[in-house]
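Take a look at this single chain in structure tokens; it is the form predicted alone.
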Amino acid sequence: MNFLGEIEENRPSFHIYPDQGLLNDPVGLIQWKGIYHIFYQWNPYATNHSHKCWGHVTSRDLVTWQREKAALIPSEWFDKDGCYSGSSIVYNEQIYLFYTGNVINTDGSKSSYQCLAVSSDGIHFEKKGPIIDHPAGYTRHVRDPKVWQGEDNCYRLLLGAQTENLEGTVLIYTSMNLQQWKFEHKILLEDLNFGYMWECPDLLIDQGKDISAFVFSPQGIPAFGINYHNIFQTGYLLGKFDELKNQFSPTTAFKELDHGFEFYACQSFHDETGRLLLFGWLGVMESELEIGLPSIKENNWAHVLSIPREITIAAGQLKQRPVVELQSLRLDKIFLKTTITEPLNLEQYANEIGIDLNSSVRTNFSMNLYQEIQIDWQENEKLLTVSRTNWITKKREYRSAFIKAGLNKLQIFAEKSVIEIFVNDGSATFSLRCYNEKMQPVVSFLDPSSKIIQAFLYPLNQ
């Protein structure tokens, strides 16, 4: 089975990608009348970040996707230079889309408008125009509305913002009808003084749980130790959201949501079963890497979304797991020999790989995937490191995370240019793109002292 029925060498098999042009933020995620609607920022005309539309794919199973016509395209005075990120909600049996309209004025200055569009069929959207006045005391960088309905039936909307002092923050608004909105205040009582802009705010509320996660994507965070080495970050604070005060009180420090290379601008939604699901964009990168993407040179498209992840928040921990629907892609299970260091030849690049380690016997662990991705665990330091070759500089580069509980399990979803690694049932994740002409579909276990209980893979239906 080919994703969207498209057959082309080097196209992803089970990740959402554009048929042409550039994809970025997942937006407007929703399940409506049994169908999953995944929208994304999309430039259909070029592989740069101009002329942003809302691309649109649908699915009944989160596995097989169908392309739909663009849901939003720049056309009105309030969005003529781009329909930027936003979210959706069902109201009066219709889909309400909230998005940021970008306008370049005649003098070259730019303006942002928070806009509404409505659909009765999930395909055609009628624009209603701006619904929120620009808040005083903030630059034009106010964007990315995320809307939800609280337990008190009040609707709330988050906006990423930049103060006139060039500091990032998130604003919260309230409404009873999704059209008249009241500005409340900043969602955090105390400023974090953390970056110059916060994008794509989200509140991950695991239904029935007291603790939530406030997610945002800060820009302008300097690298510190093993943290914050991507050009921009996405992370979260655990804590509690008070509906009476419309404030989030964090109980933890900021933590990166994904420890890999490209994960950014994620968005969550609850499906009709009540699951909390999330997609991220696997594409934020330095401009020279983006321009040099082989998919641009070969096929005129750029970037993918992550696989859908189910989010749970319990015992003070946020976990991300691949949705169970992806198991339908599995072919026959193959057990891998782990006592040799010679490469194990695989038949294809699209695989799900599982590694179970003996938690009672702590040792180092090292494996190589596709003669390109290196995964190393240092037991004494409790440090997991994933490395790849930069496709422009040809140098090795690294991302790491401390895993205090130790390394017990790895679940890896791999394609030729996309790798997603889930650690200890989703306690940590590493996502990355990879391009190397020397890649081959092989796996090697490099440390014969590793106490591996079993290693297996499922080739995935393409």
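Owing to the predicted nature of the structure, the values given are computational and were not obtained by experimental measurement. Start at 1 with the first residue shown and count on from there.
This next part talks about the form predicted in complex with beta-D-fructofuranose, which is not shown.
*Asks:* Considering R309, R143, K146, H259, which brings a non-hydrogen atom within 4.5 Å of beta-D-fructofuranose in the predicted bound form?
*Replies:* Answer to the contact question: R143.
*Asks:* By the heavy atom within 4.5 Å rule, which residue out of S88, T169, Q320, S85 makes contact with beta-D-fructofuranose in the predicted bound form?
*Replies:* It is S85.
*Asks:* Whether H15, V63 and E420 jointly form a contact site for beta-D-fructofuranose in the predicted bound form is the question; each needs a heavy atom within 4.5 Å.
*Replies:* Not a single residue of the candidate spot has a heavy atom within 4.5 Å of beta-D-fructofuranose in the predicted bound form.
*Asks:* Using 4.5 Å between non-hydrogen atoms, is E199 touching beta-D-fructofuranose in the predicted bound form?
*Replies:* Although beta-D-fructofuranose is absent here, E199 would touch it in the predicted bound form, with heavy atoms inside 4.5 Å.
*Asks:* Determine whether any heavy atom of W281 comes within 4.5 Å of a heavy atom of beta-D-fructofuranose in the predicted bound form, and answer yes or no.
*Replies:* Contact check for W281: yes, within 4.5 Å of beta-D-fructofuranose in the predicted bound form.
*Asks:* Could you tell me if H56 has a non-hydrogen atom within 4.5 Å of beta-D-fructofuranose in the predicted bound form?
*Replies:* Residue-level check for H56: no, no contact with beta-D-fructofuranose.
*Asks:* Is A265 close enough to beta-D-fructofuranose in the predicted bound form to count, meaning some heavy atom within 4.5 Å?
*Replies:* Yes, A265 sits close enough to beta-D-fructofuranose in the predicted bound form that at least one of its heavy atoms falls within 4.5 Å.
*Asks:* Pick the stretch from 330-338, 223-231, 199-207, 105-113 whose residues have a heavy atom within 4.5 Å of beta-D-fructofuranose in the predicted bound form.
*Replies:* Of the options given, it is 199-207.
*Asks:* Can you list, in sequence order, the residues from 39-70 that come within 4.5 Å of beta-D-fructofuranose in the predicted bound form, counting heavy atoms only?
*Replies:* Going through 39-70 in order - heavy atoms within 4.5 Å of beta-D-fructofuranose in the predicted bound form - the hits are Q41, K52.
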